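In structure tokens, the next block holds one chain alone, the form predicted alone.
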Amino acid sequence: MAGVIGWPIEHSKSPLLHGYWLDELNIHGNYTKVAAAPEDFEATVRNLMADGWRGANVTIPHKEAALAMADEVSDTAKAIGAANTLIFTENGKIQADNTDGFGFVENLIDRGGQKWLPQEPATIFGAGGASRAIIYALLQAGAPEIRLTNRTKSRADTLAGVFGTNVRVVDWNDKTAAIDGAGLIVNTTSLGMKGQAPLEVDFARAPQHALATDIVYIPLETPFLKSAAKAGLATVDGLGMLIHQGRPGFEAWFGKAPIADAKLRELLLAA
């Protein structure tokens, strides 16, 4: 048994994702949604451990609490300051990891190969938890500079302070200038998500070889990606990040490495 813990959790596609892998690999297991209010999170995790679960994914708003209660924390989760994957060991310990940045980078590689890993500055819109994971992953992958812009500048300043001089804050009003010469342009905000206003960016200043990617996958092609494509840029949607971030946890819980194939992508798109 494994699952995903969140509040709310009804929208999660993770059970469909992991259920597909369980079926494809012929594993006798189960992965389900668990709703837990913030005040009940730690007790919920302890109860799942007592019931013999192998671990769980953790989503909003529990990622920081998951990190805090873990006995062993990966360097990645420690650097990001949050955990999205918990592994329950046979000796009763909780191991915490964060696979969001891994999922982001693997999605880029899956859709375009190593060429999409930035050798030039990367521009990131948004300074939330996903942004922090992506900044860490891109710096680990060799990005020479991250240009970070956020509607609330103080949040961007705080986040930049975590990672040092390789992250430069750009005022939100100058966000279009931030993409000048950037090889990778990333939207980590909720702007463009179903029911939200679009993130409006003028991609005319972006290099023609640049890649634009959005971590939102509902809708699959956000206004941000449509605008980038219209300007002639290559684009990558956010669905692959969801798929790839789930791989390490699945392997840890169920003992086999899952495959991100076209059939799985089609299944998630149809859901």
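Note that this is a predicted model, so its numbers are computed, not measured. Position 1 is the first residue in the sequence shown; the rest follow in order.
Another form exists, predicted together with a small molecule; not displayed. Remarks below refer to it.
Asker: Could you tell me which of 139-147, 88-96, 187-195, 67-75 sits within 4.5 Å of the small molecule in the predicted complex, going by non-hydrogen atoms?
Answerer: Answer to the contact question: 187-195.
Asker: Give a yes/no on whether residue 112 approaches the small molecule to within 4.5 Å in the predicted complex, heavy atoms considered.
Answerer: Answer no; every heavy atom of residue 112 is more than 4.5 Å from the small molecule in the predicted complex.
Asker: Answer yes if any heavy atom of residue 182 is within 4.5 Å of a heavy atom of the small molecule in the predicted complex; otherwise answer no.
Answerer: No, residue 182 sits far enough from the small molecule in the predicted complex that none of its heavy atoms falls within 4.5 Å.
Asker: Does at least one non-hydrogen atom of residue 163 fall within 4.5 angstroms of the small molecule in the predicted complex?
Answerer: The answer is no: residue 163 has no heavy atom within 4.5 Å of the small molecule.
Asker: According to a 4.5 angstroms non-hydrogen atom cut-off, is residue 128 in contact with the small molecule in the predicted complex?
Answerer: Judged by the heavy-atom cut-off of 4.5 Å, residue 128 is in contact with the small molecule in the predicted complex.
Asker: Just to confirm, with a 4.5 Å cut-off on non-hydrogen atoms, which of 173, 158, 152, 119 contacts the small molecule in the predicted complex?
Answerer: Contact residue from the list: 152.
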